[in-house]
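Here you get one chain, nothing else, as structure tokens; it is the form predicted on its own.
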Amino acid sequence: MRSLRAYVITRFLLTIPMVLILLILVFILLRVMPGDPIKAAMRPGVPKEYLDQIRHAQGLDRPLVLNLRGSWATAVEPVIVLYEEHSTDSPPVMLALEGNRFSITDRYREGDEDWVRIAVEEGVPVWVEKEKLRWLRQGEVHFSVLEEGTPPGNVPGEWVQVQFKQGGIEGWAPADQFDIAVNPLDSQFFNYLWGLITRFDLGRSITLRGRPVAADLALKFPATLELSIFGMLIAGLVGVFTGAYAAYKRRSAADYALRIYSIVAYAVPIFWLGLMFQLIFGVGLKWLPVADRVSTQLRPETIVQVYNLQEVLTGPTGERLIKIIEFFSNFYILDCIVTGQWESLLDVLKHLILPSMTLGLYLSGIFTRLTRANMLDVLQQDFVMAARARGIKERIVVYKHALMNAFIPILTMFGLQFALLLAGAVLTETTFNWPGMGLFLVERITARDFPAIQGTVVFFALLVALVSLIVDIIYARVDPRVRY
């Protein structure tokens, strides 16, 4: 037991650098791509001010790894005029009053010149040049007017004090007019890593107006998990038993036929297999639905709705429990069983058959070949010969004693394939319009929503690492020979 505990701790510690390497790779790959991700996701003609504010909200105006230009700037003069560019000849934008604290989005240094560009966050009152407000309205920046008139310091021009509700504004000013605080870790990578660790923040969507990616994945994950479980169940049942039968009937017609099946099943493109199932069972025979997760008229009610839990669970704790229950209600099979919606359950299972068969049969070829190879080794061992000599039925010898001993390496493949299945059901979900994480990723790629793509890929990577860790622990528990 002590050895197993040491193995589990060691395996968990090894997972940490593996996940960190995955995060670094995803972060680098998405940022070496050419082009501006903000411009790519926006329509042509969007004002520059709006693009800058989105870039600031996404944290993309921070340096990639280390921030040596400064993170925060506090005004030290009574009134500071900020301009559109790092020049006093450019139009004025806004005013900074003594004591105001802003985040630095850029810095310009050349010769004796040292300018910083600062951004006003949402909810902070600021004096803005009146002509600039017209551009802000065109950029769909939402704000409320607090005061019109002469600002402190009697700065020439027409000024309006506003408070931003969504969006903001940026401007340039000489760096010597601010007290600049430097935080080297205030960068894109470390901010993303810290947010992921502390609050599981996977970023915010650009095209969906700042919607958290984690909130979307929480809605999509149950659909992908249900599809993966049933797909893996079909792959295991078909692959393991066909592999065991092929080993039992070695060098027979059945053996050759099953070996050919394993090659064909793995070689056939998964989207083509799904399309064939749709044409045969959906369009031709009209037995099964070909798209979506459930019929619109039979969409199951949530557990909260059926049992009216909103009246029972009140207060902050009740609201948190309702959110948790709502999440589990997205598992339609579980939701229908708990609430007794049997007609909806039957409809959900019908929609699940074709996509799970597509995934399961595609993966079954791997298990057929792996099971056959391991069964051939086990069937030649001494304990099998001894069992046969004692007169035990051949069926029990093959499918109980031999298969159970050959199952340990197959278990590892189950875990690895299940992890890849969670992350690789993109083509199947797209073919069947299955509302899971794979289809969500395709939609975000089409919309060029880079933060959402990054968050989804990172979530896939974390799933693969977690499932691999669980499988290794189970493997060590089943096989006592596995130790460090």
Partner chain sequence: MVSISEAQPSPLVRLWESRKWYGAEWYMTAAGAFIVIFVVGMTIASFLTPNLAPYDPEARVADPFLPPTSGHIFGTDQLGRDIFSRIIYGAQIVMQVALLSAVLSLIIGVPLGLLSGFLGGRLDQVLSLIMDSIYSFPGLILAIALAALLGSGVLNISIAIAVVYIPIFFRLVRGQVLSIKQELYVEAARSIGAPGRVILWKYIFPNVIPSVVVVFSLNIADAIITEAGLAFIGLGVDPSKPDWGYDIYRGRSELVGGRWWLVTFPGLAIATVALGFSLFGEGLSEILNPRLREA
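A quick note: this is a predicted structure, and the numbers were derived from the prediction, not measured. Residue numbers count along the first chain shown, from 1.
The form predicted in complex with its partner chain is left out here; the points below concern that form.
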Of these, 46, 60, 442, 66, which has a heavy atom no more than 4.5 Å from its partner chain in the model of the complex? 442
Interface residue in the model of the complex among 287, 272, 383, 342, criterion: non-hydrogen atom within 4.5 angstroms of its partner chain: 272
Does the 4.5 Å heavy atom contact test between residue 25 and its partner chain in the model of the complex come out positive? yes
So, in the model of the complex, is residue 250 in contact with its partner chain at a 4.5 angstroms heavy atom limit? yes
Would you classify residue 448 as touching its partner chain in the model of the complex, given a 4.5 Å non-hydrogen atom cut-off? yes
Against its partner chain in the model of the complex, would residue 426 count as a contact residue? Criterion: heavy atoms within 4.5 Å. yes
Of the listed stretches (223 to 231, 106 to 114, 86 to 94, 277 to 285), which one has a non-hydrogen atom within 4.5 Å of its partner chain in the model of the complex? 277 to 285
In the model of the complex, which residues of 4 to 33 put a heavy atom within 4.5 Å of its partner chain? 17, 18, 21, 22, 25, 29, 30, 33
